[in-house]
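The data below hold one chain only, encoded as structure tokens and taken in the form predicted alone.
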């Protein structure tokens, strides 16, 4: 079974797609069979960065039932061991999939002949993005040392962990109702934190609460800090880690510190991954250790997304209230 590796970012402009592409190439060069998928349904552009024309069927054909399986959508690339599935945003509504469409996509991904299927997700905290990010307990989040990027990364992780925790309980359960009541209290100005919510759930529902907490302990996103310039940037990364631990009761791991490299924009313009056009660049040199950490990580598929009792509408409302989004 292929290991699914979603890659997300709290905001655009952090270099997520460049990381996804170059990391995929590095893993392929290290002997792993890779399928890179463009899951930015509203603005797919990985084909351009790969040097491919946008004239072949992609995920939109599968979602709209013009293709029965994902396997025929895999395009060959110039890199041995690397296949590519385009995003295909030609179909209206693709960015707003229902639960069953997402479930069908994940089942197909699991059947692909690959060591890793890398999902380059759209930026931000849209529900499709969160759901695909949550299919693995150790998905990757890309951020930069800029304070706005760090705060957006925290916001993304906050939305992710809240949605993850809510998914551990049936849609109309007492536990879910308590979570919903908690979000209303929070919106009214309470300083209660996510850790307070966990404690309250456990105190009132010790059996289901303990199971949810055990699941939550498995959720350990991995972070790549991109566009670093100085050693002080690592301090920003540590601040993010501390913030996540203190406020969300969640552990996270850094698997890569990638330096700023002006050649990235040049490689995008030339439609060639930098790791291929200049393997001696500082960017490329840091990608390989990150790829090795990916290989050595124990990725675990989150089966809860296959539970047909989960209701997207309820989860969406809870996350929206918790993050105070309109």
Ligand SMILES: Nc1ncnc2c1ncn2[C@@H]1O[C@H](COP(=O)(O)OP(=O)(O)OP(=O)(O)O)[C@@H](O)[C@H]1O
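Just so it is clear, the model here is predicted, and its values are computed rather than measured. Numbering follows the first chain given and starts at 1.
Not pictured, yet referred to below: the form predicted together with the named molecule.
Here the chain stands by itself, but in the predicted complex one stretch of 103-111, 221-229, 72-80, 202-210, 221-229, has heavy atoms within 4.5 Å of the named molecule. Using a 4.5 Å cutoff between non-hydrogen atoms, residue 123 counts as a contact of the named molecule in the predicted complex. In the predicted complex, the named molecule lies within 4.5 Å of some heavy atom of residue 268.
The closest heavy atom approach of residue 260 to the named molecule in the predicted complex falls within 4.5 Å. The named molecule in the predicted complex comes within 4.5 Å of a heavy atom belonging to residue 283. Here is the short version: of 49, 28, 275, 291, the single residue with a heavy atom within 4.5 Å of the named molecule in the predicted complex is 49.
Although the named molecule is not shown here, in the predicted complex the stretch 1-32 places heavy atoms of 12, 13, 14, 15, 16, 17, 18 within 4.5 Å of it, in sequence order.
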